[in-house]
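Each of the two blocks below gives one form of the same protein chain as structure tokens; they are labelled structure 1 and structure 2.
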Structure 1
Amino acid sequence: MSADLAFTIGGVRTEVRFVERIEPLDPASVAVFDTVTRRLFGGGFPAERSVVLPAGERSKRWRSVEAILGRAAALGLGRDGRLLGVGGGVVCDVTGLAASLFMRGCDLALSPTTLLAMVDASLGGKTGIDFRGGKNLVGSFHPASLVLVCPAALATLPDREFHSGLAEAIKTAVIGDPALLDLLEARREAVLARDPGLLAEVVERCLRVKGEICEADPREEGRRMLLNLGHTFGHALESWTGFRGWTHGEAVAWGMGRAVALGLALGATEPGFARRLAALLAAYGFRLEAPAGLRELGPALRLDKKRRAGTLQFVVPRGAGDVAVVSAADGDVAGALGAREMG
């Protein structure tokens, strides 16, 4: 079993423990599931101390947060109580926001059940819900004190959800672990076959990269922005499509393709690396072409949270383990959106 990890993010110590099964933490906690994770992992969790949300992006709404807050209040949960989110990125984000609000901040634990949540959403303290068509427009920073990673849970994932998480793993490798990028290339078949030991290594390496970045920049004022590789374009695509037709990971993979095209246009991305990343994303089955009927993404891009002084910031890769934040003119952005090739 992989070694445990610990990070201090924004003054909060987050312990990451690799476990063999998902179990209740303590009798006083309130657990949050979606309908799928409740069925798969809810055995042993008392129904009266559980909140079950609809599965999918539609639960990233205020009514979900209100349901969690209402259950916590009805049970008399104190500020020393704990909310436990058991699920993917949506459950982690919504439970985290509720924990940041209840009693002005109660303890939070997360048990991610998807690859995407294990490598990204469960660590770092970002919480959020979608608002007025914008992805994660309302949220807070509230790091979990405990993250329980159960690699065995990945065996339950539908293929599409598993692939969605691989996009975040590739993104993390590009940002901060060139050796992981090599591994994802060389052992693609074993990764896709969900080799348990290999996946545990992938998750741990991703968490190390993200944890170290978040320790240095807990509130995304500098280096942490690099973790948004693929997200500015990807979030705009999700918003433009009404959060239908693309999973978050698929949108991020597409967004990485657009970020590479932008980097090439600005002279920031090495053409050889652009071809390498395009080949890797294609090998893992991600869509890189512009969606049929794509309209101008300007309105959706302008909703992005990463603006500085009214100017959008984009993360572009220069090479393996080398990424940068850049500003770009509207013409360059439009060109990147319409580009047919990444390298």
Structure 2
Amino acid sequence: MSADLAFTIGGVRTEVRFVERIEPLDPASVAVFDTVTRRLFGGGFPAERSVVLPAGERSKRWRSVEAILGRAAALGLGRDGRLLGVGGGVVCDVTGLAASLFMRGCDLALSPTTLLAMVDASLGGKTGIDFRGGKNLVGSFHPASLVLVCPAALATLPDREFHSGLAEAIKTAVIGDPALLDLLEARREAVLARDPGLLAEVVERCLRVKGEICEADPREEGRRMLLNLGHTFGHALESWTGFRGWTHGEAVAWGMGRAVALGLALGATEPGFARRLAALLAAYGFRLEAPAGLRELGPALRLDKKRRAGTLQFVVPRGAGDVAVVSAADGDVAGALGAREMG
């Protein structure tokens, strides 16, 4: 099986292969699932070489890492052994952290089963768990050597999770692939109907954009920050709402809307593009309106780790496939939070 895509991120080669089904890679690896992905995709995997975590964000904790390490140790997995994560971003992040720790680092393969994990979490090397209330507070950098993308796996994904991944796909198109933006506009119904061939193209295009950015800047010292489009506002909304009521993707889509409002106010975003992006996000059903009491978001934004030297850094779109990092004063940010129009 040859690689469909390959990237070298932080000195580690990651091969991406598109596959028809999810199956064991080799008899010696240890597979990690959550309860849902085990039921859906775990049929061919031996139970004794599998770790099954509870589904959902609550599994992004140390206990999950310990369970994986414990099973790897009990099975006598060697340094040349491999951990294979089969699941969404949660399984990818936790399996990645365990792989970075086992015997000071063992091989990692990921088979992402949510759209978000296919277009984002499976590539780039970031691993992590939530710790003492801090999202992704503990983590490491450990790219997978192999990413196995099975677009057919998306057929069972709940609508809301699928939608959440679409926000990241739109984000990626805005950052670096104008043709993908055209495709998401023109073929919206087929995308929403989850046409597997079309989804494979969407995922491949997203992985190309992310992979190339990560190759250029593996440790997020510069260009990789562009991938945070929509995330500074989005994370603040998620923490302000207590991670309830909005999925990550919905918050990112909303955050992209706020980034456009900020870009317009600062003269960075082309008004025609602002209208186009607002129309696309609305057509996919994303909420762009500000929740009541939103101005209280200010403190959550000020805590954002992207704050540098007293001003907040934001990624704003300029046009299709063209984004910039801007510094914004508190007044501009407050204006963008309250803005009604996007273009």
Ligand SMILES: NC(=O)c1ccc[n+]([C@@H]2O[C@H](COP(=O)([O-])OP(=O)(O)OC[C@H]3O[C@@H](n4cnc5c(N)ncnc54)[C@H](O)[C@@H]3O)[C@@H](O)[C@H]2O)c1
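Under this definition, the rigid core comprises the largest set of C-alpha atoms superposing within 1.5 Å between the forms. These figures come from a predicted structure and were not determined experimentally. Residue numbering: structure 1 sequence, from 1.
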Note to self: form predicted alone is structure 1
Once the core is aligned, does residue 89 move its Cα by at least 2 Å between structures 1 and 2?
no
Verify the C-alpha shift of residue 12 between structures 1 and 2: is it 2 Å or more after superposing the core?
no
With both forms fit on the core, has residue 334 moved 2 Å or more by CA between structures 1 and 2?
yes
Core-fitted comparison between structures 1 and 2 - CA shift at residue 265, Å
3.3
